[in-house]
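Listed next as structure tokens is one chain, alone, in the form predicted on its own.
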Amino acid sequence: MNWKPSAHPHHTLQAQISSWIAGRIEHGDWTSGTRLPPQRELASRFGVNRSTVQAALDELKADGLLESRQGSGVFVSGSAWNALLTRSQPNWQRHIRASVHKPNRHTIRLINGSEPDPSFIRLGTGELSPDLLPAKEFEDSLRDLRLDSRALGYSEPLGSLRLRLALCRHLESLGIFAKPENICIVSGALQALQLIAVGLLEEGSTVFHESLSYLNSVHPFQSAGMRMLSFRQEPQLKEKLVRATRGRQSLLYAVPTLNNPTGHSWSALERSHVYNVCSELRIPIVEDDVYRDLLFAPGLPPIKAADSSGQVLYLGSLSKSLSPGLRIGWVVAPSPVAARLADVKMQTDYGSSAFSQEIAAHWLESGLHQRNTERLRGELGLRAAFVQETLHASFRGLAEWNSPEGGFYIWLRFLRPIVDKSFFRLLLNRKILINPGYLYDPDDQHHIRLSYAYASYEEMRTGLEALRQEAERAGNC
């Protein structure tokens, strides 16, 4: 043992001794159970004070590499290899806990972990059943798709010009008149919210959202350090927004058509009220309109259709009405805002899939998208009717609900406060997945978001029967 620590400018004598001993253990020179020389002998060999050796040994004991045995000395511990492995890796849990992005709630993680298992009946899932996706039509349309070599590379920052031109025509049917430079193509509406959070708002800005909002739409703002406040439709809205902002930068996020999770749509008066208040206070509105294609009957125009000043950022997507796998959405905004969002997007993923954009443009140009949404609305209407018939037959006296106007969901309210974590777990144990109301409002123990879009008819029948049984048991407790 000829090694001695040196007067190293960046490492103390104690740190050098600790590292040298750990190295002997790691290389197998000192195996588990090896007795170390006495502290006095080590101090003499290293040419340091005994207190320095003792501090180094204490550090290694704390790390689990060494252990003291009463009256026998210091030994290499039996768990030294595990301790060394821990020492050699970053403290990932510390990194995770300190990270900027907020984690999903435990219930959501349980849902996400269970959904891939085909044995589960998914009564809360916010996506279309594979049976409702136009797989055959997709396959046929690919044969008609003509691509040049540029379509296989990166698209321009705002996205494919062909797709943006097709979207201009599509948006015109909704009363929104946009030019290609007003549209930024994104990988779904959720990415649009992430880009808005980091590209348009300063940290600590106030983001107003509906009292019941889709939790993943709120997360991007929370993770970017925004102050989240809920709002309600009420005459005093202006005064409450003024008090809440207190001079801070702010933004209002809403889903006026087929809200997730409730399925509710705002009236014309509610739309104009929020727009006028925000215009007066110069608070931008983010209008999330991803469910519009799924209205069972023609609905009110988007708020953006009445916007002449660029007050409203309008979000759309093909994920709900065509294919979530395409990852195609869009933001309609004043051209400087669209350019800013495109710049931030280029810094994160260098643009949405060029191939997916060509497919989306083809479906919009050819009329395939319109025909598919008409078919889809009919299928979803039948599924909604089936679930309501089942509810009327089996849930009277247990729950209440409104007939859905479109989309995927029925906001089912149990008459008694039974929807808690234990209720969710009881159904989870029966291989039934629900989205409980407490995911959207922590104090809500009455609601579940009931989806008729994913499970088969037989699965919905079986799942609703299990839900009824558990609800009756919980109500009798």
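Just count from 1 along the sequence shown to find any residue number. Because the structure is predicted, anything quoted here is derived from the model rather than measured.
There is another form of the same protein, the form predicted in complex with a small molecule; it is not shown, and what comes next is about it.
Trainee: Which listed residue (189, 360, 123, 183) meets the criterion of a heavy atom within 4.5 Å of the small molecule in the predicted complex?
Mentor: The residue in contact is 189.
Trainee: Within 4.5 Å of the small molecule in the predicted complex, heavy atoms considered, which of 296, 154, 177, 401?
Mentor: For this set of options, the contacting one is 154.
Trainee: Is it the case that residue 214, even though its partner is missing from this view, gets within 4.5 Å of the small molecule in the predicted complex, heavy atoms only?
Mentor: Output for residue 214 is yes: heavy atoms within 4.5 Å of the small molecule.
Trainee: So in the predicted complex, is the small molecule close enough to residue 255 to count as touching (4.5 Å, heavy atoms)?
Mentor: Yes.
Trainee: If we define contact as a non-hydrogen atom of the residue within 4.5 angstroms of the partner, is residue 266 a contact of the small molecule in the predicted complex?
Mentor: Residue-level check for residue 266: no, no contact with the small molecule.
Trainee: Taking the small molecule as it sits in the predicted complex, is residue 291 near enough to touch it, meaning that at least one heavy atom pair lies within 4.5 angstroms?
Mentor: Result yes; residue 291 sits at the interface with the small molecule in the predicted complex.
Trainee: So in the predicted complex, are 260, 319 and 327 all sitting within 4.5 Å of the small molecule, heavy atoms only?
Mentor: Yes: each residue has a heavy atom within 4.5 Å of the partner.
Trainee: Counting only non-hydrogen atoms, which stretch in 311-319, 197-205, 277-285, 139-147 is within 4.5 Å of the small molecule in the predicted complex?
Mentor: Only one stretch passes the 4.5 Å heavy-atom test: 311-319.
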